[in-house]
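Just the one chain here, the form predicted alone, laid out as structure tokens.
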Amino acid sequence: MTTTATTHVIQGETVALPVRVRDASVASAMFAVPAGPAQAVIGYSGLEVARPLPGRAICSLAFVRYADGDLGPYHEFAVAFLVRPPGRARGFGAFIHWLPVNQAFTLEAGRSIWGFPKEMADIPMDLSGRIRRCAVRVGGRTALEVAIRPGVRMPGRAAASTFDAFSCLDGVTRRVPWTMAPHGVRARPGGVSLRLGDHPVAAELRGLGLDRARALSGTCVEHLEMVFDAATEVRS
């Protein structure tokens, strides 16, 4: 991927694009949810949910431990939806609806560089145990607790792939080229336990039926490298 590097000053430090993550660990779950309510959740973005199954959209929950990267070490949780990239007849993108983090530097960088909807939260997680676990608490309120059982190890090392992530902050929707190179991937059908709390995002997920849904899949990645390039505004 070729880029023209730009720089941003975050809390007195210069961050150059593209931003690189050299080591992260991830656990994620995918759910099929009713497309109409999912579209209502992300309607503010101007994007359209993808419907890979009749009448169903895909909602993904993921928790990430960043160990080595340009924005430092931190924990992150993501609620994302599969969307149709605007202006393209084919393919999918990921719209990042909610993105709590536990460090102030990455919070400011994510919001100011890419328009990611980052907010501060307490995000305890365990990505090394027999079951991968994470909780998200914001202002003393529990949003959710999730546990994922690792599945079968996928053979070999997956090739790096680039696709579009989308963000929407302060009424502006942006496209962010996102490259991922995973190693040590385990996946399985189901294997996910989710408990929703009393935070507003929990109410949104409950409205999509996630409090009673069985996950389509659970995936754990031991080592993930990522590259985030410059964001461009999506014109309606």
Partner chain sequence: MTRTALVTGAGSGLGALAARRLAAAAWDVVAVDVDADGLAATARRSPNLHTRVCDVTDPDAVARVVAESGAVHRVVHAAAISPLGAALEQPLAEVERVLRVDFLGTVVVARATLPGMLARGRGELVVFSSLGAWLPGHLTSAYASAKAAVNAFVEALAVEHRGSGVTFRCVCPRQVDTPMYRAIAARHPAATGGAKGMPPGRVLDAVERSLARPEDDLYVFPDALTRATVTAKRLLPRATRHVIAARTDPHRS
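Numbering follows the first chain given and starts at 1. Because the structure is predicted, anything quoted here is derived from the model rather than measured.
The same protein also has a form predicted in complex with the partner chain, omitted here; what follows describes it.
Here the chain stands by itself, but in the predicted bound form one stretch of 162-170, 92-100, 142-150, 122-130, 122-130, has heavy atoms within 4.5 Å of the partner chain. Site residues E13, Y66 and D70 are all in contact with the partner chain in the predicted bound form, judged by any heavy atom within 4.5 Å. The partner chain in the predicted bound form is approached by Y74, whose closest heavy atom lies within 4.5 angstroms of it. When the partner chain is considered in the predicted bound form, E225 lies well away from it, no heavy atom lying within 4.5 Å.
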